[in-house]
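Shown below, as structure tokens, is a lone chain in the form predicted on its own; questions about how it binds or moves come after it.
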């Protein structure tokens, strides 16, 4: 079998245009007769709202101020659950929720019009702690329980497993909310093309999902919507959720003119998802020789005001909670929880990125308590070809951990430099 790409140094088709500055990003595009859009966003994390746009509409140069009343189709979107509103109608659930979209002859006029919109906030008690948010009496971000998803992993007998352990270590670990901080903030332009379709040119990771969600909000068939993916200035998961796509398409539908919007860095921070911050409670035990016997973990993921990819992220966190180790007795609970924090979504690694902070520190502490060096305890327990994971998967290929650790030992001389679990 011949391979045209695998194992070869292939020049990126977009490489030259990007390094020479010739690539076309959404904010580079301009059209004749173009208008400009700006989004009014919530300044409160949890409140009922009443919106008065009359003064903004009367400002010279303002062509439209769109709110929930102007959505002809479904006022919702979301990659798994349709829990976002295109424009918040009665309630905001986080700072940064979109309330209105001003369209004007210039960016300056649109910006000034935002200040003319009056929003009355009837504040509701917010919930920011995901652990407290799981209580049945806690403030509800949406209409029902704040628990979005609960993944359970069970193997063996966890109680018997810990009884047979020589050493047990317990600890709690936390990771922070992280922004993608891609170089190109969100930008886009929408217009009606020659075939009468609502065209939206943006930098996105999911043009096919965007097309569906735009069509649902506009109340038209999918074939009436065209999504054009311009050059993408970084994404890393942060462009998997809708931001300005529907707002632009709605404005083009209403005004029959091209509409452009460009986010500032500050608005970008407010608009798109973040990496899920996790609270990870771990209990890990091993026998005298350092063989892992039992692991119990509770993982709480703060998905913020909206679910986005929370189910996938917390499932993967639960699946990978044991790390690359064979452990006969396992109990894992991985839970995604709504709060009034910025919403969390896709960011490189989908939950598998945060988990090693916990399971690897557990291994180091176990090694120290047993008088072993950190490499030896790992070599005793790592997956090898033929290993069975805690989810029942048999690893048949591509399991080179032993070779990797052996090379590390060769270079770093770990096993020779530790005595009694303490580095000399």
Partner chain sequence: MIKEGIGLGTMFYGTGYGNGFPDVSKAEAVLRADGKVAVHTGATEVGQGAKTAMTQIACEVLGLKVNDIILISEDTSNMPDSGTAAASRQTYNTGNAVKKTCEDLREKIKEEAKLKLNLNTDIGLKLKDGYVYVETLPEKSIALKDLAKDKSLKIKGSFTAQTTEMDPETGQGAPYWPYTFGACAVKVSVDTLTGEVNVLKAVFTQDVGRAINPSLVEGQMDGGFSMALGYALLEDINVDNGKIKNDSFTNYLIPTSLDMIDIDNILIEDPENTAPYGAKGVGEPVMIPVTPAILNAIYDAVKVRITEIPVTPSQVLKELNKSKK
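The term rigid core refers to the maximal set of C-alpha atoms that superpose within 1.5 Å between the two forms. Numbering follows the first chain given and starts at 1. Bear in mind the structure is a predicted one, so any value in this text is a computation, not a measurement.
One more form of this protein should be noted, the form predicted in complex with its partner chain, which is absent from this view; the next part is about it.
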- Only hit among 324, 78, 161, 290 for heavy atom within 4.5 Å of its partner chain in the predicted complex is 324
- So which of 244, 347, 305, 189 reaches within 4.5 angstroms of its partner chain in the predicted complex, heavy atom to heavy atom? 347
- Task: Could you tell me which of 68 to 76, 236 to 244, 83 to 91, 250 to 258 sits within 4.5 Å of its partner chain in the predicted complex, going by non-hydrogen atoms?
- Result: 236 to 244
- Query: Should residue 51 be counted as a contact of its partner chain in the predicted complex, where contact means heavy atoms within 4.5 Å?
  - Reply: no
- Item | residue 282, heavy atom within 4.5 angstroms of its partner chain in the predicted complex | no
- Message: Does any part of residue 370 reach within 4.5 Å of its partner chain in the predicted complex? Heavy atoms only, please.
- Response: no
- Though only this chain appears here, would residue 357 touch its partner chain in the predicted complex if you measure heavy atom gaps against 4.5 Å? yes
- Applying a 4.5 angstroms cut-off on non-hydrogen atoms, the residues of 331 to 348 near its partner chain in the predicted complex are 340, 341, 342, 347, 348
- residue 23: CA shift of at least 2 Å between the shown form and the other one after core fit? no
